[in-house]
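Just the one chain here, laid out as structure tokens, in the form predicted on its own.
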Amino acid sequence: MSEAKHDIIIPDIIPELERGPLWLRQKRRFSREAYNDAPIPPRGLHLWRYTDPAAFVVDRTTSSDTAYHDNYDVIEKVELHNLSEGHLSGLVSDFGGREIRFHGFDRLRDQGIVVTTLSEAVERYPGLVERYLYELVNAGVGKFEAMNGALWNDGIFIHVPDGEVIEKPIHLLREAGSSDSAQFPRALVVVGQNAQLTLIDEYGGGAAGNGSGGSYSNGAVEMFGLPDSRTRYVMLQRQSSVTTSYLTHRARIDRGANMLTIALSFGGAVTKQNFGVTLNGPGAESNMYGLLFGSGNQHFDNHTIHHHASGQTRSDIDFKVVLRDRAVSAYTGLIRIDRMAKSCEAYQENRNLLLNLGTRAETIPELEILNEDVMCSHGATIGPIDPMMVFYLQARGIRHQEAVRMIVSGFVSDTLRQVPRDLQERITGFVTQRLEHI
């Protein structure tokens, strides 16, 4: 028997969301109806085994029109400096879809590259947006994807035409609001045939944690890599310690296309993230690297999926977790290979490092392989630091705390090497900060 519907529903779409062409209004209304009709996913049902789905239901009294964390402009200034130094091709500051600012895109516009709001893209590029928007992240994916589909105010649209190469990353800086706020960021990215893009998608801000209410963020990212394209997507989540965060990222890459996904998670109180890539043509290749560092009472729940819809495709996942204090992590990774997808290679690894008693990690590798002409492997480990490694370093005059830091640094170094240069120092700083009190 299914669980009863939750008593908090999305009311009729507010006037400011009833804009745009008929197809968009219909998509929003369908998403709203799907959210209202769908029950809360039952606890214990597959991907909700370790996280209470009720944590991601927004109270009807929550406002999405609010102030932002005091330090958002500090981070923006850092990235504007990186832009001026030539480390970035452009910077977008997104404040819950209420205000979106664009910096440094004149040169890219001269190349025919489009970086704009979704609302403007709907008017200027209607055929392109209608073709792809809601294609990968929609009400059919889940209840909370339907919530985003109904309530996003405005989003970011990026289109790289065929053959164009963006040498430096584009950085999206998405800020959550302060206490009792809700944001629904959304992005649509289309990378043309034989084109190249590196995208940094950073989620920050949130309530200050001074006893007032928390913040809520529900994001959706859809990415399309056309034949022979090259795409790098870096997600950084550094939201405040009283933020509840939900993010769904879905990509589809065609023949000969390559996608690198790097997921970096450090913030939030309760965080659930879903990363998925469909390999849709021969020669397509997807590689995912994840790094999660939890401390305090943080709760993380991550799911990855590589769907091999075509033969002669390759995928690899390497997801690392470091936990201290009483932090909790759950990871579920699925490799799905269709019946006619012959000659595929797929690999998956999840390693969890527990720095003290009181932490907890769960890992569930899954394989759904419908033919025998494949090469697949998966592995998972959970455990503390090897005491013999600590002993070896201490025997050479290194203090215990420093020995632990060195071991953890080595554990995460492979992932950090994949991060674009302008982010490496900041990411290393996040890791160092969490190791200070060991």
Partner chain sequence: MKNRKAVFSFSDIHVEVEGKEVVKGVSLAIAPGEIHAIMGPNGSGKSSLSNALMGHPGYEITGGEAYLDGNNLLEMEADERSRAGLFLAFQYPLAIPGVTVANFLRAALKSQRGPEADMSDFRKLLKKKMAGLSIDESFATRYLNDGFSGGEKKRIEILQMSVLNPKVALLDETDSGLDIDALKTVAAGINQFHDETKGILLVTHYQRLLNYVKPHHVHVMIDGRLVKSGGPELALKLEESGYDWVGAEAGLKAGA
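The shown structure was predicted, so the numbers you read here are calculated from the model rather than taken from an experiment. Positions refer to the first chain, counted from 1.
FYI, the form predicted together with its partner chain isn't displayed, but the following is about it.
Residues D110, T117 and E130 are none of them found to lie within 4.5 Å of its partner chain in the predicted bound form, as judged by heavy atom distances. Using a 4.5 angstroms threshold between heavy atoms, R19 stays clear of its partner chain in the predicted bound form. Using a 4.5 angstroms limit between non-hydrogen atoms, F411 touches its partner chain in the predicted bound form.
Contact annotation for R399: at least one heavy atom lies within 4.5 Å of its partner chain in the predicted bound form. At a distance threshold of 4.5 angstroms between non-hydrogen atoms, D52 is out of contact with its partner chain in the predicted bound form. Taking M389, M375, L45, L370 one by one, only a single residue has any non-hydrogen atom within 4.5 Å of its partner chain in the predicted bound form, and it is M389.
The listed set V58, M406, A38, I382 contains one residue whose heavy atoms approach its partner chain in the predicted bound form to within 4.5 Å, identified as M406.
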